[in-house]
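One chain is shown next in structure tokens, namely the form predicted on its own.
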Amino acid sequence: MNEAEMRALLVRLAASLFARGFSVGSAGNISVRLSEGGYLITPTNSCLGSLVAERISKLDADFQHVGGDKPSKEVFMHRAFYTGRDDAGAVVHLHSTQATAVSCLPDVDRGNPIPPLTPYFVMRVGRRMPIVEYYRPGDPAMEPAIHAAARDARAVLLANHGPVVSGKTLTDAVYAAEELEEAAKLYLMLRGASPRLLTPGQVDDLLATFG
């Protein structure tokens, strides 16, 4: 997919997320690695529901701004995944309600707050998704913490902030962010119950087949 096609796809997927309430106002940002080098990322203070393809920010291979509008102030968050995971082709950061709610709970397993409830969550998000400690939004000091977590996790929850999700492609990353929100919803619905979880063997089988 060339750059123009990728810009169009980013606009379409971002608008879909916004229309369905995965982001509000100017919250959230999305980036994608370009096959010809560099990255696209949504501009700072932009609304995912009304992006303009030609104005999407372009970064070079060193994450320096080289085209389009000024990039999101959270470039470092995306860089943490791209440098931490060779398979990261795109990164989606949202403030989606259910996942953010889980990130605010004090009594969850911070190493893996959402258990393997469904195969789709495991297939899209992976074996584990840790919570990264709280940092002020836009604080680049969180980059090392995200980078460390990304080395063995496709997604993280930022404490009291929201999810950051990577995928091999832009579509994969968006689908994973959507699946994470649904898993968070299920988890919150089942708190206090004793749900049947996928077994370690079932998780291994899913990751071997679809991971």
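Quick caveat, the model's predicted, so the values are computed rather than measured. Quick note: we count residues from 1 along the sequence shown, nothing fancier.
As for the form predicted in complex with a small molecule, it is not shown, yet the points below apply to it.
Exactly one of the stretches 101 to 109, 116 to 124, 71 to 79, 84 to 92 approaches the small molecule in the model of the complex with heavy atoms within 4.5 Å, and it is 71 to 79. The small molecule in the model of the complex comes within 4.5 Å of a heavy atom belonging to H161. In the model of the complex, the small molecule lies farther than 4.5 Å from every heavy atom of A145.
Mapping the unseen interface onto this chain, T171 falls outside it, with no heavy atom inside 4.5 Å of the small molecule in the model of the complex. Proximity of S31 to the small molecule in the model of the complex: non-hydrogen atoms within 4.5 Å are absent; the residue sits far from the partner. The single contact residue among L186, A53, A27, V66, judged by any heavy atom lying within 4.5 Å of the small molecule in the model of the complex, is A27.
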